[in-house]
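Listed next as structure tokens is one chain, alone, in the form predicted alone.
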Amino acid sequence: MTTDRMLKFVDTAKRSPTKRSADERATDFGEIYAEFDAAGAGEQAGRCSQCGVPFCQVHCPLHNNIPDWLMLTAEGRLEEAYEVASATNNFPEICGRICPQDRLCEGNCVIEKGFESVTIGSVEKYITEKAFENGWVKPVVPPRERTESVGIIGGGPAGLAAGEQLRKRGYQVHVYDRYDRMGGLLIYGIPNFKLEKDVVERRSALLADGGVNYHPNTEVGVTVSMEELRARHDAVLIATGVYKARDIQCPGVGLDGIYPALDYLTASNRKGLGDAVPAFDDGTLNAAGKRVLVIGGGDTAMDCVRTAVRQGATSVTCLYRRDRANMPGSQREVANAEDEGVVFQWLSAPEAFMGDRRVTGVRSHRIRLGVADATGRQTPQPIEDSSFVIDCDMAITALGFDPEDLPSAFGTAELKVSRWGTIGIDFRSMMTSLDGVFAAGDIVRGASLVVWAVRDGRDAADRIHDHLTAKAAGASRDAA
């Protein structure tokens, strides 16, 4: 019976998959966590309390049916577990690796307070990897083909999730991306030690096998115009994400040796993919032998500090203006970075970059947290006469991302923009100010999590289907 296998949290301790030692994992870019074996996955899945109100599911942006697939895993019914997991998530093997579960599903597990949460992410990864190994993951085969086509601008998680959902309904899907590979930040922004690139390439190949057409090296507004795409397709989805580095206003910001986080991570990931990367090979975007300072406290900052460790930096420091409890990044990633030798300067903010032509240090000041602002977060306030200097040969700014200059980026003046600089949409239809043009993901909500991009892509596919179905019905009435 199910109850024989579940509710084991009272006598079974939480256990995560084996993690490689800090000394070992700092020497390469391989994923740091091993995979559960069958016994371990079943045991940990069986810790689920099968509660009546599953807060893990409520706090998952995709509302994954977590208790159901944990129960199926505990019972050894892995194919069914995968079917349930993939019913609401296009990329469970990716989300299982990179989602900040400590802030989402696991952080809201009802047994977390007294017994520690179920290791949901690791079980999700295990289920999906077993599904691939056993051939249970199949390309999309729509029940019938439709004549309407949809063009998707952006091959990241939002665009690919929308593309798969539309293919399931039989639409002809074409994905246009400025880069030479599909995946967006999954390929170029997230390091291998969190998400090995063959995992992303395996999924994008599966979508291609299911009939999703890829158009790499295609930049809308440069290679092809928005007008051409609108003429070519019955609907268009903008899912480009946001890539423009948020500026830092400090004296000396123009010195050599100061780089945006995404430039640094892209160079490292391209090198790992086997591409020619002159800016890495000549040492420009390579931390080897350097004292590295990363400014910021989100997951991107954690990706940068941990990448610098693996590249052979002589020291790595993270400068963040709030304390550890107020970091926007995953606490698990912070702990992993500390294990790998990263030094954190909490409650500290940059004043100026030091050096003549090249950065040699960052003058910073101490911070105290004042009263909460409109967002509920305490406001950082500088402490007088608290300046100090952190020596560095390389400074990386990881302060977040903003949209590119819209609407000029797409060469379409009629595309309305929100007051935050993102694309404005009708949130019921997800349509922009251009008829038949929709938008989803970070380009609408601002920089956010991959799991939210997947959710937005799925929702956009539903709204596009509604639009095209209504349009076809109207055309039929007019013909009659």
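Start at 1 and count along the sequence shown; that's the residue number. A quick note: this is a predicted structure, and the numbers were derived from the prediction, not measured.
One more form of this protein, predicted together with ligand FAD, exists but is not displayed; see below.
**Q** If you check in the predicted bound form, is Thr360 within 4.5 Å of ligand FAD, heavy atoms only?
**A** So Thr360 does not count as contacting ligand FAD.
**Q** Would Ile153 show up as a contact with ligand FAD in the predicted bound form if we use heavy atoms at 4.5 Å?
**A** Heavy-atom contact with ligand FAD at 4.5 Å: present for Ile153.
**Q** Does the 4.5 Å heavy atom contact test between Gly184 and ligand FAD in the predicted bound form come out positive?
**A** Gly184: yes, in contact with ligand FAD in the predicted bound form.
**Q** Contact between Glu80 and ligand FAD in the predicted bound form at 4.5 Å, heavy atoms?
**A** Answer no; every heavy atom of Glu80 is more than 4.5 Å from ligand FAD in the predicted bound form.
**Q** Could you spot which one of Phe280, Tyr259, Phe193, Phe410 gets a heavy atom to within 4.5 Å of ligand FAD in the predicted bound form?
**A** Going through each option in turn, the one that passes is Phe410.
**Q** Which one of Ser268, Thr240, Ser348, Thr73 is close to ligand FAD in the predicted bound form, taking close to mean a heavy atom within 4.5 Å?
**A** Spelling it out, the residue with a heavy atom inside the cut-off is Thr240.
**Q** Among Glu31, Val199 and Thr284, does every residue place a heavy atom within 4.5 Å of ligand FAD in the predicted bound form?
**A** Heavy-atom distance to ligand FAD in the predicted bound form: none of the three under 4.5 Å.
**Q** In the predicted bound form, which of the stretches 370-378, 217-225, 201-209, 349-357 has residues with heavy atoms within 4.5 Å of ligand FAD?
**A** Stretch with heavy atoms near the partner: 217-225.
**Q** What residues of 297-333, in sequence order, lie within 4.5 Å of ligand FAD in the predicted bound form by heavy atom?
**A** Heavy-atom contacts to ligand FAD in the predicted bound form: Asp299, Thr300, Asp303.
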